[in-house]
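Only one chain is given next, in structure tokens, and it is the form predicted on its own.
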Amino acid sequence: MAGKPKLYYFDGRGKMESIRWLLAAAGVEFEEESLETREQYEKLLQGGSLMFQQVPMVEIDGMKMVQTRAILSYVAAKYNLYGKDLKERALIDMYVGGTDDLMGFILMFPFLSAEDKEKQRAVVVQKAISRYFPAYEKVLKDHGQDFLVGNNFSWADVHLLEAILMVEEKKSDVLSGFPQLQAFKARISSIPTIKKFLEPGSQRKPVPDDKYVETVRRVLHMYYDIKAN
């Protein structure tokens, strides 16, 4: 019997959080090794575990997988969250790609100055309500089904819920003009594995704080400033 997947990353969201979400949605227990020191990171590098010298890295099924999208695609396929045929998989990829674009505006947020955070907050909300949420609202309205693709729970649904909650942390009423997405959020949040992941004490990470930022900068020797988009 294969062991639990093991995740190597920082003790925070970053690029690993979507992997945590997808594993949790699939009902898969996983372990984590949090990078706290440069020495831990150097050990992974010297051991050849990081093909492109970067994390996230996930040990699963005898592989040491890197590249977030590759890991997510593997997990989705392995646990039947990737559609029933090639067309459904293409739609899932398309929707996940759009959600990734939106998340990209949020990923840099913790590393910005206070002034740039306010600018970026406005960018995140504007992009969400003018570009991304209308697209998903239309998909749900047009097909009238509970899920984004094939009327089955998939990676696309998990990824969109994660993004919705992230944007709501920037503006709590951001879904006020999107009734389909409000209903979608309630539906997906009530799926047992998702509901469990959203409860206190789960492996879901909180909003990144100054300690997380300091750890990432120290471990990666990331001494440059990041600017808002």
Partner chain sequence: MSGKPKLHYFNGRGRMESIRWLLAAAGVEVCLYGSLLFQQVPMVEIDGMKMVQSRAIGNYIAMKYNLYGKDLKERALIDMYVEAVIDLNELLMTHILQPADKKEQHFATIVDKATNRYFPVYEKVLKDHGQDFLVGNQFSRADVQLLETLLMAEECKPDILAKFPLLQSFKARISNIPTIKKFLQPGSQRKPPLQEKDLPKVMKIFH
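No experiment lies behind these values; they were computed from the predicted model shown. Positions refer to the first chain, counted from 1.
Omitted here: the form predicted in complex with the partner chain. The next part is about that form.
Novice: Which one, 183 to 191, 23 to 31, 200 to 208, 52 to 60, holds residues whose non-hydrogen atoms are within 4.5 Å of the partner chain in the predicted bound form?
Specialist: Selected stretch: 52 to 60.
Novice: Can you tell me whether residue 70 touches the partner chain? I mean in the predicted bound form, with a 4.5 angstroms heavy atom cut-off.
Specialist: Answer yes; at least one heavy atom of residue 70 falls within 4.5 Å of the partner chain in the predicted bound form.
Novice: May I ask you to state whether residue 147 is within 4.5 Å of the partner chain in the predicted bound form, using heavy atom distances?
Specialist: Residue 147: no contact with the partner chain in the predicted bound form.
Novice: Give a yes/no on whether residue 64 approaches the partner chain to within 4.5 Å in the predicted bound form, heavy atoms considered.
Specialist: Residue-level check for residue 64: yes, a contact with the partner chain.
Novice: Looking in the predicted bound form, any heavy atom of residue 118 within 4.5 Å of the partner chain?
Specialist: Answer no; every heavy atom of residue 118 is more than 4.5 Å from the partner chain in the predicted bound form.
Novice: Can you pick the one in 94, 135, 122, 108 that has a heavy atom within 4.5 Å of the partner chain in the predicted bound form?
Specialist: Comparing distances to the partner chain in the predicted bound form, the residue within 4.5 Å is 94.
Novice: Taking the partner chain in the predicted bound form, would 74, 77 and 87 all count as contacting it (heavy atom within 4.5 Å)?
Specialist: The answer is yes: all three residues contact the partner (heavy atom, 4.5 Å cut-off).
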